Structure formats: C-alpha cells, structure tokens
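One chain comes next, on its own, written out as structure tokens in the form predicted on its own.
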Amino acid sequence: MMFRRQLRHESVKLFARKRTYIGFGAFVGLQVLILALLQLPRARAAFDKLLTTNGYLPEDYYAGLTLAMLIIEFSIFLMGALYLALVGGDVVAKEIEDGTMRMVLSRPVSRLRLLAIKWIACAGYTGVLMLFLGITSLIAGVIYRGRLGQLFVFVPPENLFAVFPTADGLCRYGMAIVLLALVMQIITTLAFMFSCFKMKPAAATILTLTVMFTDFVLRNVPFFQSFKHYFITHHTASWVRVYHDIIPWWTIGESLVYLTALGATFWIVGAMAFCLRDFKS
C-alpha cells in the first residue's frame, strides 16, 4: 500500500510539470500539419501514384487508418525520442539540481526503492504518450476523411508494402501501438540512466538523443547491414513488423527480449551510479 501511495505521488509530481505535456501538444500540432499538407495537390498526387502503380485504388486507402499510420511512421522516432528523453533525463537529475533529493533521501526510503518508483512513473508516461499518439492520430484521420477506410502500410527501411481490409487493419494498428509503447521504453530507460549520473537534466537529454541518433545513422549505413541486429533502432522498429502478412512473432519476441535485457542493464548501471553518489557534501 505504501509503495502504491509513493508511486501515485511520483506520478502526480511528474504530470504536474509543464514540460511533461510538451510532447502531447507537439504531436497534436504535427498531426494537424501533416493532414493540412496532404491537401496539397502534389502530396496527394504522390500518394495516389504509389497506390495506382501497384494496382490499388487510392480512394479505398486514403482514409483514417492509413493517415494515422503515416503520421506515426514519420514522427515517432525523432519526436518520440526527443520528448521521452526530455522527461526521462529530467526525473532524477532535476530533483538533484533543485536540492530536493537530499530531503527525499532523509526519509526512511531506500535509494533503490526511490529509483524504482521514479522509473515506473516514467514508464507509465511513455505508455500514455504512445497510446495518446495512436488514438489521436486515428481520430484526426477519421475526422479528416470521415471514415476508417482500409489500411495501406509502406515502410521502405523494413521492405514493407502491405494492404489490409478495415477490420484486420484496425486490429494490426492496435497491436502496433501496444508494441510501440513497449519498445520505446528503452529510450526512457536510457535517459533515466543518464539522469542518475552527476550531470544536468539537459545533458542527460542530449546524451540520450546523441546515442539514439548515432545508432540510427550507423544502422542505415549499407556496409553495416551484416550486424544490424546489434543496433537499438533495429529492434525498436519491431512494432511495424506486425504489418507483415504473416506476423514474425519469433523475430518480434527476440527484439523485445533484447530491449528488455538492454534496458535492465541501463537501469542497473544508473542505479549503481546513483547509490554510490554522495549527496551530503
């Protein structure tokens, strides 16, 4: 019961900060911008050409499901990484910077318990942000076109070109959002680890983004394809693999295990650094 009360208090404290809501507002703004740009004749013509050259009618797929997938596909890595790193890198380092951490540690709560509560609160924020993105993108797409429509998915880096009827597409979309909420936890945990080190919140955020963007760049170098399975972004992309005709559950499971093990390593390293720090001086 005490653990739940502490977790609730930490969650309230996290969502009371204004910067926590920057990601929500930014995603809504991006959704409006993408849908507005899709009204331009050239953008719509490029979309129609991609479908017609492959033998599909654009009107069947230019609707809520496809538009929601487009919004998420082209925004999740850059913007998602930014706002998750911002919150994860702030959660511990900000309290240390403000001087409130010494007061918190003066109470009979172990450091590991404190870190566990803070990480769970951050993990909850990650899940809420991803679900918010998935739901609002779908709502925006449906309002824009007035219907769900069939689902068209085109992800060149994953060699993925797929179409689905409405019911199957909605099911695949829901599974993708749940997987997205799971795989993006690695960015939050990486930022959380840096936040436990002796550095400013901004430095923890920048280091997290540096690691993720470097990983992304190296993964896309053609000469490094033989060991792409070692890159974080290769495994975070597993959420789009539910759109294959036959879902490769074994491959997705391997990615989740890899990310879980890596996240546990980040957490342990961060916890060790935090527990060894001296807050008395």
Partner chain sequence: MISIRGVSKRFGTRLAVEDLTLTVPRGVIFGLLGHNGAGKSTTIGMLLAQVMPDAGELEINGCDVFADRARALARVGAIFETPAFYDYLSGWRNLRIFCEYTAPASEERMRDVVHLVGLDARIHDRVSAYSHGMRQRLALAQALLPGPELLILDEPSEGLDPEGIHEMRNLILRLNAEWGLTILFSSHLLSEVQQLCSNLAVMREGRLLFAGDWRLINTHRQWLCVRVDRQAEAERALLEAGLVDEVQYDGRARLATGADVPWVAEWLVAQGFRVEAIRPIERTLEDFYLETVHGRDPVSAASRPAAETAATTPNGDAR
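Numbering follows the first chain given and starts at 1. Small disclaimer: the values here were computed from a predicted structure and weren't measured.
Keep in mind that the form predicted in complex with the partner chain is not shown, yet the notes after this line are about it.
The shortest heavy atom separation between Arg111 and the partner chain in the predicted bound form is within 4.5 Å.
The shortest heavy atom separation between Asp168 and the partner chain in the predicted bound form exceeds 4.5 Å.
Using a 4.5 Å cutoff between non-hydrogen atoms, Arg102 counts as a contact of the partner chain in the predicted bound form. Remark: Glu73 does not count among the residues lining the partner chain in the predicted bound form, judged by a heavy atom distance of 4.5 Å or less. Segments offered: 148-156, 181-189, 203-211, 90-98. Contacting the partner chain in the predicted bound form at heavy atom distances within 4.5 Å is 90-98. Residues Met2, Arg5, Gln6, His9, Glu10, Val12, Lys13, Ala16, Arg17 are the ones in 2-22 with at least one heavy atom within 4.5 Å of the partner chain in the predicted bound form, listed in sequence order.
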